[in-house]
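Shown next as structure tokens: one chain only, the form predicted on its own.
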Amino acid sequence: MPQIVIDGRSIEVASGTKVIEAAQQLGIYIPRLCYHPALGSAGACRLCAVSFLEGPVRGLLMSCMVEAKEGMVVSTQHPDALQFRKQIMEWLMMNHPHDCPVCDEGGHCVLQEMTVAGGHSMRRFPGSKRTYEDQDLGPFVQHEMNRCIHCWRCRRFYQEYSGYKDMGVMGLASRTYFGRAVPGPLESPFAGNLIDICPTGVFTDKPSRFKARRWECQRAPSLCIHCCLGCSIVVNSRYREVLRIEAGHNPEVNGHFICDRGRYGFDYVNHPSRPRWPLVEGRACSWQEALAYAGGRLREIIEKHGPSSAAVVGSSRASLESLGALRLFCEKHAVSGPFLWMETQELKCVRRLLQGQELFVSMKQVEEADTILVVGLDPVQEAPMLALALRQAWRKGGWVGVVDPRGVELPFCFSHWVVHPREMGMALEYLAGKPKSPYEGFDDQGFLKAWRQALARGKRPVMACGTLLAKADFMGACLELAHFLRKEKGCGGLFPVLRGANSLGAVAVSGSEASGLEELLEAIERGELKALVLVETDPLFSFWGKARLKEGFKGLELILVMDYLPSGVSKQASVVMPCKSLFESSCLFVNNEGRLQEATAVHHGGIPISQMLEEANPPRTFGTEIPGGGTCAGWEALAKLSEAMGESLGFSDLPGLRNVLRQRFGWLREVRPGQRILALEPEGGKRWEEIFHSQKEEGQGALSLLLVQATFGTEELSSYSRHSCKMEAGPMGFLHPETAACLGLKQGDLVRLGWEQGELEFLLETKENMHKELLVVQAHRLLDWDKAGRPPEVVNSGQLEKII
């Protein structure tokens, strides 16, 4: 490990460390514009010049391009270096429009900081400035090319780091242009990161344009809960309105970046129809009145029909505190539950996963893996940041193989074994090299050979799996294969992708007796339930049993909704209690790898001033209360409801609740935010032989039906965001071209899928790389779920009909 001296201070660094990184470790900041820790060195801006006084190299060199070597003596403040950097700043600013007063980047612009630090204030060059034509790059990113100083960060991120090609570089020398060949929306689901990495104002945030300067905003670190990965974010709020999300740095989870769903799905907290006051039978009232009414009605129902006639329902988007309070409420009042609004199969999958937490790996470990097997998972659609991590592994020479029946697309080359859902288990057994497998000779399309070669040369294998195609026993098989990899190589592990942000936490807190949505629906239809308390969940969102549920609601005497969304079910509720979002109340979540994470409150909340303007001015009335600020966290509302029923849950504030939960759950007592939990006791599970060797064959010409997720349009929270909705395409269905041709269908047809219990209409797209015996339909929010009963697992050609 080389030892070098920078500005008189000595440091020993790892081999291969650049001088600019070594200085950073000493706390010495060397100016830079093109260098980024995630993108590496480019040597384009020339601003990080330092003087090398002793060692293997001498003179003025770029610190981002020189590796630290033994005996180097470096000065960042040498007069030659200072004069060089000052001259560079003047050159960089020669064509810049100097429009900081009207630039949204002003105040947090790296170029602005470097200009001031370099002492540049006057443009001496008398010639005309270079100008460019800006492009419309879609609803997220604003383009102002005249501010560009050609650092190449945007191109390096967009094409090299994230793997998308629709934006790049054109032109030569001083006429170099960064943009698209033709104007249009950026295709990458990571395009918003251009805003964070651009050191000038070329790419700025379009939805928040001209609304606030950074120093005017309330800012705090928080969590993205639009999928299960738990990426770190930084939230910007002004005048009670969340305006912008930036990527937070979390080395173990998301690194420096986030996806566009996480960046632009936040607007649900600003929704104009969001509940701000308690409602009783549609009438606004005080918290006292709502609690007295709801508590009284619940008591009456319990006394009349028994405790089991009331049920409490939570979801995987609720915080750990709300889920914990939900369980305490059930136990205190002996009511039914807790129910979780999750598919029963998904619930079982998560329980099986909790048996193998010692195998879980982080997204950082996925990036470092050299052999990655992705099973039953479409990363770009289900957890976009995983696709970015897989690409980094591929860029380092790693092998990535996907076993999935869908037409999976990733921003790099990968091996794809198209396997029918009923054969997924056989495929896993085959890949594990089970001796005397009855599936020897399986048509693996050369995948097995590639897998074995990659595994033979690899040292850090990782397996990523989803739950969309899976059953609980399938998840057990995934754990077995992960065990096999660890046994073979002595390392490696499993990276599960779940459907909800807090799926692991929900199952861990709710216990083994928690039930899923099917059990809840059946209980409602049998008339066993007379009251429902729904905490941060909407059973009517994109649910195949929507019509059944609405019919079942007619038999209920009380529906109480505690939520921050203007959900469909809140319109049918007797009582609505408005809740705080995670931006308004500190809370805990557990991500897919079992990591406990904390989101801190950004602001108090309340109705955004922009929604209260009178003739473009704020209201001219004064008061001591925040308009619309009388909301409670979900756990707080449950505690107050319990008190209104005459029983305390044993806490009065957030620290009190967390103490109760730590006493109750040993695994929570053992960990701190950022660490991993160890939760449920293992449950028994079937072995492979019991799982897959009894798979049923389907009829000739039948198609298996899969309802899948999309980057935009299927996730609940982002569907309430004005910004995300602009990137939504309509509901799509997918068939193999040969299958579509046999059915008399083609790309672009509007198709109706009908079955005994309902129908769905969607636009058809054909994909060559999907299974021929498969129909894939996005579980899109714009599908008419009122017409859809439980979807069949298998459909035949007569059930598909071309509409247009």
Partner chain sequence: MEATNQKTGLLKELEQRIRRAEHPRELVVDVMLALQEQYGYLSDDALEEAARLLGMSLLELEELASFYDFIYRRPVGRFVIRVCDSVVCWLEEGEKLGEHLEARLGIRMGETTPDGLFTLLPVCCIGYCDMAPAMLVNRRVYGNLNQEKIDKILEELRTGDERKGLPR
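Predicted model only: the values in this text are computed from it and were never measured. Numbering follows the first chain given and starts at 1.
What follows is about the form predicted together with its partner chain, which we do not show.
Chemist: Gln159 near its partner chain in the model of the complex, any heavy atom under 4.5 Å?
Modeler: Gln159 belongs to the contact set for its partner chain.
Chemist: At the 4.5 Å heavy atom threshold, is Gly179 in contact with its partner chain in the model of the complex?
Modeler: Yes.
Chemist: Does Val169 make contact with its partner chain in the model of the complex, using a 4.5 Å heavy atom cut-off?
Modeler: Flag for Val169 set to yes.
Chemist: Please determine whether Arg85 contacts its partner chain in the model of the complex, using a 4.5 Å cut-off between heavy atoms.
Modeler: Arg85: no, not in contact with its partner chain in the model of the complex.
Chemist: Among 581-589, 169-177, 666-674, 101-109, which stretch has residues with heavy atoms no more than 4.5 Å from its partner chain in the model of the complex?
Modeler: In short, 169-177.
Chemist: Which one of Arg147, Lys546, Arg274, Arg155 is close to its partner chain in the model of the complex, taking close to mean a heavy atom within 4.5 Å?
Modeler: Comparing distances to its partner chain in the model of the complex, the residue within 4.5 Å is Arg155.
Chemist: Counting non-hydrogen atoms within 4.5 angstroms of its partner chain in the model of the complex, say which of Lys165, Lys554, Lys449, Lys487 makes the cut.
Modeler: Selected residue: Lys165.
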